[in-house]
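Let's start with one chain on its own, the form predicted alone, as structure tokens.
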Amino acid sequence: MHRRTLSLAAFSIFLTAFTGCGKSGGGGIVIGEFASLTGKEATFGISSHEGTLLAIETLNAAGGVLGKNIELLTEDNQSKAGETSNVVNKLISKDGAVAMLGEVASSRSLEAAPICQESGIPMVSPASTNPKVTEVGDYIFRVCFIDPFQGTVMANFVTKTLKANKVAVFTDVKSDYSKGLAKFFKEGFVKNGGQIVAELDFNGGDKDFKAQLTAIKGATPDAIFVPGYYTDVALIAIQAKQLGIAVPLCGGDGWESQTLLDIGKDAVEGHYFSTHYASDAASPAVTAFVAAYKKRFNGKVPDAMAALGYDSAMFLVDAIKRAGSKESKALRDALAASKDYEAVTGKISINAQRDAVKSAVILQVKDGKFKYLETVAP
């Protein structure tokens, strides 16, 4: 029932992307977006797309860019390996996209990036944190922090705030995101003097984690680091609780979805993760964004993926304005020169690796909601 409801919602949003963005009969500036609107990471794709859509609608209402409306063309990669290349090739070769927005999942951004690089089409990822994404080439950018920073943030949080000396790490071996974040967390935690007492793997989409969790329990860690996506994490938390594991679970931005709370319920209560922004943080930019998003999407509170989707579109269009052109190299150069851009998720400067240098936040699941704890500067 849940999957059917999600698919219908995603389909509705998919149609909105083509009809609600001020299309100008071929005379506008075409921006492509690829996202997981259906499939196992659909809440990420829907959130990032909603944020992107809000940005484009806001920009078009204010007159667009370079005197033209922006045409956002969105394709669903269905959370599947292989599908991203199909839709990105279509957006570039058939639809004439001058730039590309996407994706949340690092694995799918890594699939798209070589196509954009070879085509000379600037690509801006809203939320792919694996360092390899921008290493593909000089046309690939992101508006989020990267896993070496996020891993270090969580290593320091687990060491200094949770006072954990022994940690188990439980990694999704099918995910570039999970493997990268686990690596940088382990390096930071060991550097802090901590001990990794167990390292176990799972495959994203698995349903039974009890064998690995039993082994983790036997290693008696003070905390467990699970750099996975929300559905897997929710099931892991439920089964950990069933096995009597009472130590904190910790993770990264892949946790942030209402689905984590819906599936995990009291099993995820009290656990911690790092992410890109907090909707309850008291800043004028966040307050204004949350209000606009709630008005546009029937009272829904925007998560970090929505905020990053919004930021990615606004950031890209700001570069088009500064370039004074939609020509590929001029746009690429403007993106690379971005400094101190004031975004919803914090001030963004693009470094030589085309990564965003910016802060992270720590959230805790508290009373069935995500609660802001602290901001960590780069």
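The structure displayed is predicted, hence computed values, not measured ones. Residue indices: 1-based, along the sequence shown.
This next part talks about the form predicted together with a small molecule, which is not shown.
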May I ask whether 257, 279 and 370 each come within 4.5 Å of the small molecule in the predicted complex, counting any non-hydrogen atom? no
Taking 4.5 angstroms as the cut-off for heavy atoms, does residue 106 touch the small molecule in the predicted complex? yes
Looking at the partner-bound form in the predicted complex, is residue 74 within 4.5 Å of the small molecule by any heavy atom? no
Please determine whether residue 78 contacts the small molecule in the predicted complex, using a 4.5 Å cut-off between heavy atoms. no
Within 4.5 Å, heavy atoms only: does residue 130 come near the small molecule in the predicted complex? yes
Which one, 191 to 199, 163 to 171, 121 to 129, 93 to 101, holds residues whose non-hydrogen atoms are within 4.5 Å of the small molecule in the predicted complex? 121 to 129
Between 226, 116, 305, 216, only one gets a heavy atom within 4.5 angstroms of the small molecule in the predicted complex; which residue is that? 305
State the residue from 141, 185, 289, 177 whose non-hydrogen atoms include one within 4.5 Å of the small molecule in the predicted complex. 177
